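What follows is one chain in structure tokens, specifically the form predicted on its own.
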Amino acid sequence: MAVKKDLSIEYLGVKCENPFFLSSSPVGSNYEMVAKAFETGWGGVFFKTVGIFVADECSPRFDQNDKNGLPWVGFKNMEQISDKPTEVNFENIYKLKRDYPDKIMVSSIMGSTEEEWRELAKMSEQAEADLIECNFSCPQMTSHAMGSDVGTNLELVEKYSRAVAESTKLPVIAKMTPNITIMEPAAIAAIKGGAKGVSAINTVKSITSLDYENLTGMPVVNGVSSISGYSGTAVKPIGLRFIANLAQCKELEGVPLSGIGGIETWNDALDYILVGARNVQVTTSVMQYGYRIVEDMISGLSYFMDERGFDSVDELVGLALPNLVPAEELNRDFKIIPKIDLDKCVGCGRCYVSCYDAAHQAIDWDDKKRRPTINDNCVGCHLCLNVCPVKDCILPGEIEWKEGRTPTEIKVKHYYD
């Protein structure tokens, strides 16, 4: 029997039926696409970024990285903001809000001057959007007056946030760039300017792979390529780090966060929520599996909440943050020696090779029986556990205390998916 949970959550004063949104990207760039997404169950959309500037796009403009035959570990795009006329985009936002009043429409905008930002904010309000997102983060704009070059300039982030906030009654969200050492100062500047929420991350500047025929990067556009934005599963760890940093920043306490980057499953969405996001934005998963992936996300999160006894998504927001501590606060008094289940071992030798060539030579190898044994050199790094291809063959075992350290109660992870 299907489990149905109330996944509604409030975001910047707006009630959302669930935390699953389309991100500002090709997956939400016209009426028909967004309408289909709404019919499928998405709670809202950050509409493809609208500007006064209308993008003139290159072809091709997508590339992807894979590993061991698995597609889309990382995805690269060279798209800019919307290639449709400004008026057409706002007409689509207006029609969508009229036809789907219970769904959340976020108008994502990008200007190149203060006047453009103000004009776009006013047009967003006239189109009856629920919220406005200021895109300070696109890494492949053809103008340095737009995108991530603005997002790394604290003065401009504050100035343009203020211009938008002063021009509308709608809550304003600042979309941050990961192409920066630390994000907190830029986010603080946006809030100082009048933004009420922060979304992160946009794509990471990248060269995904090289084309040997033309001796350039991918994708190849008339024999050349360009550095541009990387997304997909590969950037999820980066996105989680930035959201957690923002959520733990005292100056940003209480600022609602929207998580973006590598969200393909309900587990990915839950991870962002646990480190502080109140909603998540999705693109590459839709590109691979279509809009119906949201059904799996809704079902998966519902089952998780039901099994763990949670009644609302609100209860999950930031739940992991107290357990994310600075490196100097980690207990370094002990080591956990891995335990190898020889009944499950297939004798592949990966643990032995990895430990000998890349760790501490802590595994002995029996050539005749093709079986590994952990020796006294083990420091408890758990590289062997991570390279073993057999589920639960290598798991945490005995706790050993370093010389002179006082034993205490230790929490150990026992279950690995």
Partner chain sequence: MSKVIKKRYTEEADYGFNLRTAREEARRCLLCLDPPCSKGCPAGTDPGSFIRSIRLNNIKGAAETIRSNNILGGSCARVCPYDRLCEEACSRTGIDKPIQIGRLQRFAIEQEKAFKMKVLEAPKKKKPFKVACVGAGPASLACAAKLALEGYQVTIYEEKEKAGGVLTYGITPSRLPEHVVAHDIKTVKDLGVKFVFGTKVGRDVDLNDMDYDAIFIGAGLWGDKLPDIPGVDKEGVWTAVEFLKTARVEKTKFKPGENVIVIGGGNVAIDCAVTAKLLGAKNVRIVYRRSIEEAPADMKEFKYALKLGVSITTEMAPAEVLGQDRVEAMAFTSRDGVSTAKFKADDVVFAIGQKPEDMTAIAAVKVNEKGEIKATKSGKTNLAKVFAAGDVVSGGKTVVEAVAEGKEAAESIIAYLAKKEGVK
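Just so it is clear, the structure is predicted and the values come from calculations on it, not from any experiment. Numbering follows the first chain given and starts at 1.
The same protein also exists as the form predicted in complex with its partner chain; that form is not shown, yet it is the one meant from here on.
task = May I ask you to choose, among Gly41, Gly380, Pro26, Gly349, the residue with a heavy atom within 4.5 Å of its partner chain in the predicted bound form?
result = Flagged contact: Gly349.
query = its partner chain isn't shown here, but in the predicted bound form, which of 340-348, 251-259, 105-113, 127-135 has heavy atoms within 4.5 Å of it?
reply = Of the options given, it is 340-348.
message = When the contact criterion is heavy atoms within 4.5 Å, does Pro389 count as touching its partner chain in the predicted bound form?
response = Answer yes; at least one heavy atom of Pro389 falls within 4.5 Å of its partner chain in the predicted bound form.
inquiry  = Within 4.5 Å, heavy atoms only: does Phe62 come near its partner chain in the predicted bound form?
reply    = So Phe62 does not count as contacting its partner chain.
ask   = Should Ala358 be classed as touching its partner chain in the predicted bound form when contacts are defined as heavy atoms within 4.5 Å?
value = Contact check for Ala358: no, nothing within 4.5 Å of its partner chain in the predicted bound form.
inquiry  = in the predicted bound form, does Lys36 come within 4.5 Å of its partner chain, counting heavy atoms only?
reply    = So Lys36 does not count as contacting its partner chain.
query = Is it true that Trp117, Ile238 and Arg241 each have at least one non-hydrogen atom within 4.5 Å of its partner chain in the predicted bound form?
reply = No, because Trp117, Ile238 and Arg241 lack any heavy atom that approaches its partner chain to within 4.5 Å in the predicted bound form.
key: Within 4.5 Å of its partner chain in the predicted bound form: residues from 50-74 (heavy atom criterion)   = Contacting residues: Asp66, Lys67, Asn68, Gly69, Leu70.
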